[in-house]
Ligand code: SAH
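The chain that follows stands alone, in the form predicted alone, written as structure tokens.
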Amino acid sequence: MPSQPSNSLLGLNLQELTSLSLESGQPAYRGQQMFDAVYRQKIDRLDQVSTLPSEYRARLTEEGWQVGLPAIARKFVSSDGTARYLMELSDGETVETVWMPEGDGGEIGDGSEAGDEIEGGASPAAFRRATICVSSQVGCAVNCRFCFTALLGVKRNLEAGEIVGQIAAVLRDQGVEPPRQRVNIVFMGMGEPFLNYDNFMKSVRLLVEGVGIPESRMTVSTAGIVPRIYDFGREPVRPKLAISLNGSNDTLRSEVMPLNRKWNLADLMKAAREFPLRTREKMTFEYVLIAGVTDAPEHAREVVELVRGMRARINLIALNPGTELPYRTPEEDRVAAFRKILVAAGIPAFVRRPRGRDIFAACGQLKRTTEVAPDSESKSTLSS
């Protein structure tokens, strides 16, 4: 499958950039200069690397090297301040990346109306913290029945540079500079990160070492690729882990997540219980509540038994609506009743506040949509 071109600097680590410099007859420290320029400064053109001699920059350009930053093809901003980016990759494929400012909607915005596509970024003075939701594949192969991304199928894996590039492009657009300003990363966009494990893990290391985002501010979500959960637990540098549960028994989970037929709840929960949690770390389970399917009190009681005795927390997500899906969003009282059962059993449980529903940016809604929600008053134009 086509992927990011091999002459992209994004995706190369310090050792690889140093080797490139030495092979070109440059001193080893040129590798560090390029590493800082690409990841910390987030340049998008080689001629911006002012620390490199002009003749070396010219040679790299002649040899076909480029930074490899994805292009922001479209951008939509929600009434709550969330921004959905449609990122265009070098082969013309697109993925989605979501910027979620903490606090009230519009906290980081620039005054645009809800849903407008805008240029420019946030005012650094107004910034407190934000979360970037990043994709790991073009589409997804897991085929969860309640997720828009499943409708796309899977086109290909993203290279490490394409994963990091989404984050770099959003940070540039928003005018935010980690580690000075706090940014969290969630690998919860399009795709299953554990089905693109090596590229995902390399992107994590590049974010820590290059961009300056610590692993403690990253979370990866998996639908339950059990062998990779064990691999992930052995990584010396790793984000926090979240497991998409979404069904309280095998029959129910297999209905909404066909992956359960390969790795059932017994396999999944065994891997979760054996996962080496760090001090004060909890295992996060995500549970999508679907009206009349997964939101009954008996399902909550089954979830209690699944996680009993674990250092765990549950994130409850009321299904985000979409006309192409055969499911409905539960009523608020059903969500509250489900949570109450978990909390009464001593399990920390939280209801995730939906972000960006009006621009198809909420959890489960990513499918490269090029318009805003039909019931919103937003308007859309091509970015220039």
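Residue numbers here begin at 1 and follow the sequence given. Because the structure is a prediction, the values reported are computed rather than measured.
Heads up, the form predicted together with this ligand isn't pictured, but that's what we're talking about next.
Proximity of residue 192 to this ligand in the model of the complex: non-hydrogen atoms within 4.5 Å are present. Heavy atoms of residue 77 never reach within 4.5 Å of this ligand in the model of the complex, leaving it off the interface. Of the heavy atoms in residue 69, none are within 4.5 Å of this ligand in the model of the complex. Though the partner is left out of this view, residue 288 does reach within 4.5 Å of this ligand in the model of the complex, counting heavy atoms only. For this ligand in the model of the complex, the listed stretch (158 to 166, 219 to 227, 79 to 87, 264 to 272) containing residues with heavy atoms inside 4.5 Å is 219 to 227. A single residue from the set 147, 98, 95, 207 has any heavy atom within 4.5 angstroms of this ligand in the model of the complex; that residue is 147. Screening 60, 318, 349, 49 for any heavy atom within 4.5 Å of this ligand in the model of the complex leaves a single hit, 318.
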